[in-house]
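Only one chain is given next, in C-alpha cells, and it is the form predicted alone.
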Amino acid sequence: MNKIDLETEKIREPKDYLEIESLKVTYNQRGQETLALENVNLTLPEASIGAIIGPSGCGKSTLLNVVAGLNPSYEGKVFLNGKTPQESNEVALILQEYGLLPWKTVWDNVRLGLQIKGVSKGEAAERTEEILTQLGLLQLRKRFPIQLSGGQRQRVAIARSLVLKPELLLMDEPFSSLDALTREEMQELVLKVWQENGLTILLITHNIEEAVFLGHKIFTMSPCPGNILEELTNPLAGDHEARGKVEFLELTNYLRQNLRGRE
C-alpha cells in the first residue's frame, strides 16, 4: 500500500446511512394541532446501532414511523442512504407486539413478506429456511404463535424482518414484554444479527442498560414535543462483557440522572 492509500485509509470514515435534519411532525386531532416532534436532528453511520431513549410520550415511535415511511406528513429532511423513506425499499420494522398472524405457522409468518413482494416460491422457501436456521427456529416452523414463548415469538419477528434482507432494521421497544433473562438473550441475538448481516439498526428503548449495551450512538430525547437533547458515542456497545465494567455503570447512571432531571 503506497503513501496515498495509507492516507486515504486513515481519513476514511463510515458514511451516514440515516440523516435527519430539522424534522417536525404535527398531528391534527379533532381540529386541534399537536406538535409531536420539533427540530429533530440525527445521523447514524452505516452498519452501526443507534438507541433512542426518552420519557414516555416524547415522540420516539412517531420518529420511527417517519423513518419507516409510514408517516409522510412531516417537515424537514429525512434520508436513508440518500433516499427519502417513501423512496427506500430497504427498511424493516419490528413492533412491540411482534405483529405475527396467529392463524399462520412460524414458517408462513416468516415467508409472508416474500410472498407479498412476489418472490418465487423456490427462492422464498430457500430464504425462509436459511433465516430460520440462522436464528435457531427451524424446528419450530410448524408451530403457531400461541405455542411459542415470548422470546421465541420475538425471534420469529426478527426472522420475518431479516428474510427481506433490509439495509436498515427499526425496532420499537422490541423486548419490553420479556423477562430480564430473556431480554438479555434477545440483546445478544441483536448483536449476533448485526455482526453477521452488517445491518444498520435503530431501536427505541426505555431500558437504559439496553441502550448502553447495544447502541454505538445513544440519542436522548426531550419531553413532548420531542427533539434530540444529547447524542453520545458509546465505546461499550457490542462488548459482551460490558455489563460487568465500571464504565457501564457510570454511563447508565449518567443517562438516568439526565433523564430524571428533564422529566
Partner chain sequence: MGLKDITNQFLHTIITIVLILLGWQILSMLLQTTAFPPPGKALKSFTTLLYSDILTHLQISLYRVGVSLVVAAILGIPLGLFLGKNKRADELSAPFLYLTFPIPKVVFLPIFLILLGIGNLSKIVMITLIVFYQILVTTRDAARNVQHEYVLSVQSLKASNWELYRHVYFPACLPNILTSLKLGLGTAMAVLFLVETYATREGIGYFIMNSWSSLAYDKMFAGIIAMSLMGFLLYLLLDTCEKIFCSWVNP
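Because the structure is a prediction, the values reported are computed rather than measured. Positions refer to the first chain, counted from 1. Only the largest set of C-alpha atoms that superpose within 1.5 Å between the two forms is called the rigid core.
Below, we refer to the form predicted in complex with its partner chain, which is not included among the displayed structures.
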Fill in: Site test, Gly99, Trp103 and Leu164 vs its partner chain in the predicted bound form, non-hydrogen atom cutoff 4.5 Å
yes
Worksheet entry | Listed residue that, although its partner chain is not shown, lies within 4.5 Å of it in the predicted bound form (heavy atoms), from Ile228, Cys224, Leu70, Leu232 | Leu70
Discussion item. Please tell me which of Ala125, Leu178, Met186, Leu112 lies within 4.5 Å of its partner chain in the predicted bound form, judged by heavy atoms.
Written reply: Leu112
Worksheet item: Of 186-194, 149-157, 82-90, 129-137, which is the one stretch near its partner chain in the predicted bound form, taking non-hydrogen atoms within 4.5 angstroms as near?
Response: 82-90
Worksheet item: Any of the heavy atoms of Lys77 lying within 4.5 Å of its partner chain in the predicted bound form?
Response: no
Worksheet entry | Interface membership of Val119, its partner chain in the predicted bound form, 4.5 Å heavy atom rule | no
Item to complete: Verify the contact flag for Thr205: yes if a non-hydrogen atom of it lies within 4.5 Å of a non-hydrogen atom of its partner chain in the predicted bound form, no if not.
Response: no
Discussion item. Just checking whether Asn65 would be counted as a contact of its partner chain in the predicted bound form - the rule being heavy atoms within 4.5 angstroms.
Written reply: yes
Item to complete: Align both forms on the core first, then report whether Lys104 has a C-alpha shift of 2 Å or more between the shown form and the other one.
Response: yes
